[in-house]
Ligand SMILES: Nc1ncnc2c1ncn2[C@@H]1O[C@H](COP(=O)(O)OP(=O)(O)O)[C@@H](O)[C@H]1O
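Just one chain follows, in the form predicted alone, and it is written as structure tokens.
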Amino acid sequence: MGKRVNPFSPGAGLAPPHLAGREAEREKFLAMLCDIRDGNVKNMVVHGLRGMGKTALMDEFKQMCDDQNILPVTEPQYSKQHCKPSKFVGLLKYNMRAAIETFSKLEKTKSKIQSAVRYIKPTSVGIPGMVYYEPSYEMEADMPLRNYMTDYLIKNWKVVEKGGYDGVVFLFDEFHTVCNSERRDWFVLSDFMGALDEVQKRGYRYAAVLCGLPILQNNLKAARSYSERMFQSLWISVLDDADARTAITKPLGGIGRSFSRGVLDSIVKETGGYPYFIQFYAKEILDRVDNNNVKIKDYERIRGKITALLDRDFFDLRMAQITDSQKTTLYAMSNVKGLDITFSAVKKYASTNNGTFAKNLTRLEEKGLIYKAKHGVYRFTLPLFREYLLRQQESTKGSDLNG
């Protein structure tokens, strides 16, 4: 018998076979696009824990931009290197060119965009039918970064406008990695927000959707005091029970297989409604069970193997990047019950001194394993991370007893 079709494919940024439970988010973004066309430009920050489907939603937003005659300028993977001004600006310009090139291939807009290039003096033109351009000026050594980006966007607006688009939306993912660095005198996030604010005030229909972990919101506040007025917040949370079931049953229906109600109930409960884990569990069940209709007894037989595989493929990889001292801090945090983990509460379980403990918290936040919800209060960025850490501690105790 050949390998069976499995529609579930959990992975970083991979689109699920059915994007369930995000109707409200799509409606909010559609309203934003309509406002842009009307000249009432708004920005959005999309934030949430790992594995919530934020990247899949950003891909959906890209398609919606195309449907609404808005030019999407996308970047799926920002990183710490883009805190450096030259790296940030270089990527911004590259993505602008890539967006024009991609959409210039469409016959309905190709001639318009090629014609629009005449409105600015290009320094380079690519092969026939594909337009690469940059304004014929370079950033002056003493020119503030904010001013340069403002000038760049304004000069390029004619290309967008003559190309027949009603606006531009920057769809930037993993943007929580971009922040100011006072030590290096880099203020790229403040400058980008300042440039965006300036072009919007002048009537140019550029908007930004910035996506990332919860720390993104704090970075924006630190960069610009008026960030709350610039960005509407879109918090991506877990799926409710009905949507979680739909995320499983709809793809199953397409391949003629099914899970019993007991199996569905167990998956929803054990995954907590987190989209990535729903994908992970459903894939493993289909791969490990041959029955067309998977029963609860089938699932019970393989449950332990799925949990062990999840620990190895998802959590262990992240734990491998931190020091033993930082692991000790995470274990101490996992012993504090509830969503909010206060500095004072976790210190009861920590064996390190205050200085080392505070340093560990900073490093764990930098590595994206925790985030500061508010002053003195932390939360895990990874769903079901506490349960994993508790399992690890229990396993260690068991090993010690056996030894």
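Since this is a predicted model, take the numbers as computed values, not measurements. So that there is no doubt, residue numbering starts at 1 and follows the sequence shown.
Omitted from view is the form predicted in complex with the named molecule, to which the following refers.
Heavy atoms within 4.5 Å of the named molecule in the predicted bound form belong, among the stretches 163 to 171, 72 to 80, 220 to 228, 275 to 283, to residues of 275 to 283. Residue contact with the named molecule in the predicted bound form: Leu196 places no heavy atom within 4.5 Å of it.
The named molecule in the predicted bound form comes within 4.5 Å of no heavy atom belonging to Leu382.
Although the partner is absent here, Leu239 sits close enough that one of its heavy atoms falls within 4.5 Å of the named molecule in the predicted bound form. Residue contact check for Leu389: none of its heavy atoms lie within 4.5 Å of the named molecule in the predicted bound form. In summary, among the residues Ile370, Leu49, Ile341, Ile36, the only one with a non-hydrogen atom within 4.5 Å of the named molecule in the predicted bound form is Leu49.
Taking Ala345, Ala56, Leu361, Met64 one by one, only a single residue has any non-hydrogen atom within 4.5 Å of the named molecule in the predicted bound form, and it is Ala56.
Along 14 to 33, a non-hydrogen atom within 4.5 Å of the named molecule in the predicted bound form is carried by Leu14, Ala15, Pro16, His18, Leu19, Ala20, Arg22, in order along the sequence.
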